[in-house]
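A single chain comes next, written as structure tokens; it is the form predicted alone.
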């Protein structure tokens, strides 16, 4: 296990980058705590895999350093970093049995035969492949092969870090839930530093202690699932986290009031002069339909998803979503919406502005 420090790190795939726009991974400085589980979350092309490959040693950064427990490993090959990595698509030895595949990382390091047998049995149980231990990998399905890859990554107990690059892409939905649960159990049991790359917010939020949200090659927020939901530091975090995501509404801010198309929305905090593109962000969970109070809204449709209803509406020309609780009546007279002032975030040029207590 290791504390991982990213010091002044950045990377460009161009030989002579001229400016920030030429960098696939923009400059970042972070320290990831020994023994925690992290998820790198973001849409395709945001830099997640680039960062993971730099940490693993598959890619040398254009600038900056990677340190494991304060030891500079920036130029160290993957083999010297003592990490295990599981890739998006299964990498297995087809001519070997499942048992031989799982045992390979341990045998390659000269582990005791009894320990190898015990550890292989334990991991096979975790990935639900005890019955296939003596089958050749060649004849197995893609999701079974990926389970072997996961098992190989988990079989060693002495690694500095376990790195997962979208490992559940080829796994069926039910098995995804099972494997995520097993990975969490493994983390609790052994306390490995784990880094899990995904574009799926459900995978990230259910797996990680801390989620690292990336956008356009930049880390825009690191936080617990609760922090990402309640106080998104960037509009992308608000939009990407949540289902549906945060409502983004252009506004003009004066003190503790937001002006939207001539109407006022009360804020819990006061703000000074804000430059650039200014918006407010409100989670659908903190918007409420009313027949008396609030600002006018036009309901387009209502989607009943079981535990609650999602109201799709138009608000001064902006599309907004409102969450109505299960059993909450939505009548034709409910043509107004209110927002919880304490839950309204203010953003300037996509970044959250803190404000002062009003």
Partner chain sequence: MEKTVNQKAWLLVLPVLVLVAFSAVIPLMTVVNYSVQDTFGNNKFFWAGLEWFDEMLHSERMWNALGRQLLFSAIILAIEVPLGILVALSMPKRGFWASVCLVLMALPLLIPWNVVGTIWQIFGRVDIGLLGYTLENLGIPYNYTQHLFAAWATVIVMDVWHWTSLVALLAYAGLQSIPDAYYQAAKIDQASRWSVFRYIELPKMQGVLMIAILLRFMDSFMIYTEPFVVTGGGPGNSTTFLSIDLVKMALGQFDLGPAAAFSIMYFLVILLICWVFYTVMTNLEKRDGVS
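Numbering follows the first chain given and starts at 1. Bear in mind that the values here come from a model prediction, so they are computed numbers and not experimental data.
What comes next is about the form predicted in complex with the partner chain, which does not appear here.
- Remark: residue 190 does not count among the residues lining the partner chain in the predicted bound form, judged by a heavy atom distance of 4.5 Å or less.
- Within this chain, residue 90 lines the site of the partner chain in the predicted bound form, having a heavy atom no more than 4.5 Å away.
- When contacts are judged by a 4.5 Å heavy atom cut-off, residue 259 does not count as touching the partner chain in the predicted bound form.
- Though the partner is left out of this view, residue 281 does not reach within 4.5 Å of the partner chain in the predicted bound form, counting heavy atoms only.
- Using a 4.5 Å cut-off to the partner chain in the predicted bound form, not one of 8, 30 and 67 places a heavy atom inside that distance.
- Out of the listed residues 78, 74, 266, 122, 78 is the one that sits within 4.5 Å of the partner chain in the predicted bound form by at least one heavy atom.
- Though the partner chain is absent from this view, in the predicted bound form it lies within 4.5 Å of a heavy atom of just one residue from 220, 83, 251, 129, which is 83.
- In summary, the region of this chain contacting the partner chain in the predicted bound form, judged by heavy atoms within 4.5 Å and restricted to 212 to 220, 112 to 120, 132 to 140, 272 to 280, corresponds to 132 to 140.
- Scanning 99 to 135 for heavy atoms within 4.5 Å of the partner chain in the predicted bound form gives 104, 105, 108, 109 in sequence order.
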